[in-house]
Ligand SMILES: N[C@@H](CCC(=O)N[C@@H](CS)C(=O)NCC(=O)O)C(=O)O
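Next comes just one chain, in structure tokens: the form predicted on its own.
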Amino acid sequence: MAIIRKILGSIILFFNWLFTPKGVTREQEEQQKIDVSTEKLKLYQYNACPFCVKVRRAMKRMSLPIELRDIRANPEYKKELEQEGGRLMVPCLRIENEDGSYTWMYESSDIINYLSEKFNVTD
């Protein structure tokens, strides 16, 4: 089963690379504001997870530079996700609230909808 996952993951990453979406173009000032806003967002993910790829592609289309936290490559990120988020499931978007608390959002479609609404981007 591990071999099949590795093969499928490689295929997913290849096609993701081959068909990389183009990002939206914004005025420099507008993009800088978005860059600052995205500093409060972190995406916990696996590199070859199809649902994570879906979210990363949406982020690319929206030109959102959100920090990626690969929980397979970094055990600290895995620990944070499980202990603070409550579930060891990816993709997961950690949203820092105004009061310093965090909201943990799971499900790729919910994450993409949230980002589209927050940054006023339509596909």
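From a predicted model like this one, the values you see are computed outputs, not experimental measurements. Sequential numbering from 1, following the sequence displayed.
What comes next is about the form predicted in complex with the named molecule, which does not appear here.
- This chain is displayed alone, yet in the model of the complex one of Ile66, Ile34, Met62, Cys49 has a heavy atom within 4.5 Å of the named molecule; that residue is Cys49.
- For Leu88, a non-hydrogen atom is located within 4.5 Å of the named molecule in the model of the complex, even though that partner is not displayed.
- Contact check for Asn16: every heavy atom lies farther than 4.5 Å from the named molecule in the model of the complex.
- Contacts to the named molecule in the model of the complex (heavy atom within 4.5 Å) from stretch 91 to 120: Pro91, Glu107, Ser108.
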